[in-house]
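Before any questions on how it binds or moves, here is one chain, the form predicted on its own, in structure tokens.
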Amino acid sequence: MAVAQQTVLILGGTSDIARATALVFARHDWVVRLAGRTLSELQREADDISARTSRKVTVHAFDVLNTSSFVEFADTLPELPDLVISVVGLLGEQSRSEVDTEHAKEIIRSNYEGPALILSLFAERFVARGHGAIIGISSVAGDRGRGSNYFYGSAKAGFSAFLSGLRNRLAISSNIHVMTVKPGFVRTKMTEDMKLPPLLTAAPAEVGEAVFKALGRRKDVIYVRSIWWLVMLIIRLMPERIFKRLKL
């Protein structure tokens, strides 16, 4: 009797991290479903991954800001996936968000509200079914607020707290695994204009491989490059009277 392939749904499917992660899962014989706002871009990614791996990749319209559409989105998927990964995120512009409330709201909703609500929806369906896994791509920016990106960082801090609470609840009451991923700096379209330190900067493929390996080990929280754990520990422990005088 044939064993059914596992299915992964990747939200924010046109990002560099999403593409790299999808490729890793496809190479390990998972059925991949990419979801995002622009179907034409998603289809290009799906065709490329299918050509590289000979695995099935489908595309699905999803807008993280349109929270009223979440139930319909989940209902119209071919099946309830085994794993959902949220790679949704918007770095935005800190200086603009300080004076433009609409831009600030978009950052907060893209990085916290939307991802938290859609993952909560899938969590309840996984509980009803009896199995499933959830992965949220958060950020080291959420470990402590910094003047250079506190709208983005605070939204990611909220998302990390949501994932932690969800993990705690489901670990006690069900077999649903929840993992938080903190990539640190990653060479992507979102960071292409930034000068990034090589030691602290991962490639998208590195993130994808780290996610897949950590899922197999049922890790709870991972920093893609372990050096970030030490860096953020130092930053978190720094006294506020000193920290507030730093330009970070």
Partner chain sequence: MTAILGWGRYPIVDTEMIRPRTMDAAQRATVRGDQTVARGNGRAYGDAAIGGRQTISMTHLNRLRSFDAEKGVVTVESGLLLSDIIDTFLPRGLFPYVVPGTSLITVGGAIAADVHGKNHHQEGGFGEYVESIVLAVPTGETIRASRDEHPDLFHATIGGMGLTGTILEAAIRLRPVETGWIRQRTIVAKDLAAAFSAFESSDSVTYSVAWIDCLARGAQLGRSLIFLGEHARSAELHGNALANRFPVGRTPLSVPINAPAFALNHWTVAAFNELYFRAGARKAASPVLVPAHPYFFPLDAVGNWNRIYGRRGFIQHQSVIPTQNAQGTLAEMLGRIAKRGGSSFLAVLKKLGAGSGIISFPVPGYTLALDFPMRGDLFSFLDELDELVIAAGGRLYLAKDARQSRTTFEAGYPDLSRFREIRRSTDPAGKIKSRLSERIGI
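Residue numbers count along the first chain shown, from 1. Since we're looking at a predicted model, the values are computed, not measured.
Just so you know, the form predicted together with the partner chain exists too; it's not on screen, but the next bit is about it.
Residue 52 is the only one of 28, 213, 37, 52 with a heavy atom lying within 4.5 Å of the partner chain in the predicted complex. Contact annotation for residue 56: none of its heavy atoms lies within 4.5 Å of the partner chain in the predicted complex. Of the heavy atoms in residue 217, none are within 4.5 Å of the partner chain in the predicted complex. Among residues of the shown chain, residue 189 is one whose heavy atoms approach the partner chain to within 4.5 Å in the predicted complex.
Heavy atoms of residue 63 never reach within 4.5 Å of the partner chain in the predicted complex, leaving it off the interface.
Considering the partner chain in the predicted complex, the lone stretch of 194 to 202, 65 to 73, 43 to 51, 219 to 227 in range is 43 to 51 [heavy atom distance within 4.5 Å].
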